[in-house]
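Have a look below at one chain only, the form predicted alone, in structure tokens format.
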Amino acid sequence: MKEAILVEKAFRALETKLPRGWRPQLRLERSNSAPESRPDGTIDITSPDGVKARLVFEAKTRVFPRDVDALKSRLERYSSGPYLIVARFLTPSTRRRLQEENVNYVDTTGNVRLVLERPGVYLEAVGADTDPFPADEPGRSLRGPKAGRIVRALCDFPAPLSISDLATKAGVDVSYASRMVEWLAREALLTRAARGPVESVRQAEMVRRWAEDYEVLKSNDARSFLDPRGLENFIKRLRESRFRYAITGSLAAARIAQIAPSRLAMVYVEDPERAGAALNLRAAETGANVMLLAPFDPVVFERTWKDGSTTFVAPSQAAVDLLTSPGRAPAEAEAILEWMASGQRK
């Protein structure tokens, strides 16, 4: 998509989102000066009472989270703000980085954030969350078992991690690990030395990004059951069981940073039907207090930890499961992510 066409499409997306009476005016930079000495253009936003703000913008076909700092620095050379990034499509992670840096944005799918002090306006609109113009390149999502194993390894093992060591720990081939690390670096989820090891990982952002492509009740085979004698009885019988299991969800969060009493037990087992029978559970479409999950990958049983004789999934697994669960679960996930950021380990 040529830059002028991209800008025009994005401008129209912004124009349709503004409240009635607000007028945008686009001006493309056509100076003969070198491109690096000028912005791509400006957009004037005029309020119904005639107050005007001028935004300088940079237009890019693609913007990765790691590009945001450089783009902001470039915009700061042109003016003191406010700033705007114009793109064909902005991923949720890129939009979060722009918001963190207080940079406005608009893409051609209708993702818009415009925050101005004068004239005062706060506008957020959501367009596409997945790229309608995907590039033909590997490693553009965290969907699937191999990607999940990469995330788990990056969150569970301390950096630095060489690519070969990461591949071994994740149980994937080196070429796949290398492609994923390259993409995750562009997403600003990790830092890597040139041709060297992974030096640091933004664990909380990594898990949040994983949650965009993973959903606990869909990525795993989930079966709902009822233990009529309650969760305490269920946990007691689970401890005495002879099959492999790992507790996730709110019961796992409660051992790290409890927010409220747990009402639902979520447990990974290899065969939910056989485990349910062994635990004397009743299949239940409604009123369930136990959810047994056949896992998307055996990695859920790796790096588990024990509280007494009870086995729990790794904190990184519990966090992503809670982020994609209903109710108060995402708040419990955030508590785990804060705990992980503190440097503690199970």
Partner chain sequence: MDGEWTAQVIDPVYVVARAALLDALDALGEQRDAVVLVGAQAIYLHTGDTDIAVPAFTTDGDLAIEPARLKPEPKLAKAMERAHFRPGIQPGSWICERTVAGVLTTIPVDLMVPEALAGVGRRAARLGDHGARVGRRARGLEGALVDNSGRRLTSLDPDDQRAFEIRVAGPGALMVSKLHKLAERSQEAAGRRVKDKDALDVLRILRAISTETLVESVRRLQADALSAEVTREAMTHLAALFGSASAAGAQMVIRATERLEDPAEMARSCEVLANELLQALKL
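Positions refer to the first chain, counted from 1. Please read these numbers as outputs of a predicted model, since none were measured by experiment.
One more form of this protein, predicted in complex with the partner chain, exists but is not displayed; see below.
- The stretch from 235-243, 116-124, 83-91, 200-208 that comes within 4.5 Å of the partner chain in the model of the complex, counting heavy atoms only, is 235-243.
- This chain is drawn without the partner chain; in the model of the complex, the residue among G196, P132, G230, P145 with a heavy atom within 4.5 Å of it is G230.
- With the partner omitted here, the residue from K52, R38, R282, R62 that has a non-hydrogen atom within 4.5 angstroms of the partner chain in the model of the complex is R282.
- In the model of the complex, the partner chain sits beyond 4.5 Å of every heavy atom of E29.
- Under a 4.5 angstroms non-hydrogen atom cutoff, the partner chain in the model of the complex has R263 among its neighbouring residues.
- The closest heavy atom approach of L251 to the partner chain in the model of the complex falls within 4.5 Å.
- Taking the partner from the other structure, the partner chain in the model of the complex has a heavy atom within 4.5 Å of a heavy atom of L226.
- The candidate spot formed by R255, N289 and D307 lies fully in contact with the partner chain in the model of the complex, as each residue has a heavy atom within 4.5 Å of it.
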